[in-house]
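As structure tokens, one chain now follows by itself in the form predicted alone.
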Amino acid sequence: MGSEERFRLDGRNAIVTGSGSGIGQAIAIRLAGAGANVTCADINEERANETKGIIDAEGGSASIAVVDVTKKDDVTKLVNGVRDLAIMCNNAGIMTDSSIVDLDEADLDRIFAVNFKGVFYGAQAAARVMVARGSGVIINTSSGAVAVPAPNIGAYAMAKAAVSQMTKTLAIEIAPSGVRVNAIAPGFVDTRITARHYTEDDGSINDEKRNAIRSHMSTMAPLRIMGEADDMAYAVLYLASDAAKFVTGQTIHPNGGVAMNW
């Protein structure tokens, strides 16, 4: 098999949660571009359709599914509804801003419901069908916040740390069945989640704030650049492909060198 062929996903069925925007959208587009049949799953039907439209326009294969990842039965139904599921990307996530001291219980529950339990439900359901088949790849979205603590995103970081640990444990448990489990931990990427830093109360974008934040985040990285959603998508493509057949239980950190792990 040639080097390019190892990155092909022709005919493989994939699910990407949170695919309506940002990193999830980029992942869905890249997997489809490599030949996968992608189910674009999102809580927002309109956004899921936008992603499907992009894939369709590029000649890829996509369908949509409206799903709330906090509901276990809905996630299980989604997974069981995709025949011969080969790739499960548990990417859906949300953010809240609060110090640990001031964190509201409802916000804590909401963050963990989406960012950890939603990932857990997807990984659990996918693992069951993949183990039975004897093959498959599960890719979870963690966060660079696990490696680089920052104020006011403690709940998010804790949930993502749980994702990283769950990824390693599940990888060990199901490796004998031929199923790989990995994660990505994105650095700062300009997406709908990070846009809260420069979005005004009326929904408009403050370009001055946006440029200042982008400049600041770029200077924090040794590479002196800020990540793009596609950088994360290509990391997922690698993990999903046969090029990563010897990789499991790992969390890849595409972050420009902000955090370096061994």
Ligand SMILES: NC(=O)c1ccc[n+]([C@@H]2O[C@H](COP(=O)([O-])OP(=O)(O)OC[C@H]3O[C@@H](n4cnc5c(N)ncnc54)[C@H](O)[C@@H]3O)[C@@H](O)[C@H]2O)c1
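Since the structure is predicted, the reported quantities are computational estimates derived from the model, not experimental observations. Just count from 1 along the sequence shown to find any residue number.
What follows is about the form predicted in complex with the named molecule, which we do not show.
**Student:** Could you work out which of 44, 63, 211, 219 is the residue within 4.5 angstroms of the named molecule in the predicted bound form, going by heavy atoms?
**Tutor:** Here the answer is residue option 44.
**Student:** State the residue from 237, 67, 55, 36 whose non-hydrogen atoms include one within 4.5 Å of the named molecule in the predicted bound form.
**Tutor:** Contact residue from the list: 67.
**Student:** Select, from the options 128 to 136, 171 to 179, 101 to 109, 67 to 75, the stretch whose residues sit within 4.5 angstroms of the named molecule in the predicted bound form by heavy atom distance.
**Tutor:** Among the listed stretches, the partner-contacting one is 67 to 75.
**Student:** Can you check whether residue 121 is within 4.5 Å of the named molecule in the predicted bound form, heavy atom basis?
**Tutor:** Judged by the heavy-atom cut-off of 4.5 Å, residue 121 is well away from the named molecule in the predicted bound form.
**Student:** Does residue 164 reach the named molecule in the predicted bound form if we count a contact as any heavy atom within 4.5 Å?
**Tutor:** Outside the cut-off, so no.
**Student:** Is residue 251 a contact residue for the named molecule in the predicted bound form, using a 4.5 Å heavy atom cut-off?
**Tutor:** Because no heavy atom of residue 251 falls inside 4.5 Å of the named molecule in the predicted bound form, the answer is no.
**Student:** Spell out, yes or no, whether the shortest heavy atom distance between residue 114 and the named molecule in the predicted bound form is within 4.5 Å.
**Tutor:** Residue 114: yes, in contact with the named molecule in the predicted bound form.
**Student:** Could you run down 6 to 27 and flag each residue that has a heavy atom within 4.5 Å of the named molecule in the predicted bound form?
**Tutor:** Sequence-ordered list: 18, 20, 21, 22, 23, 24.
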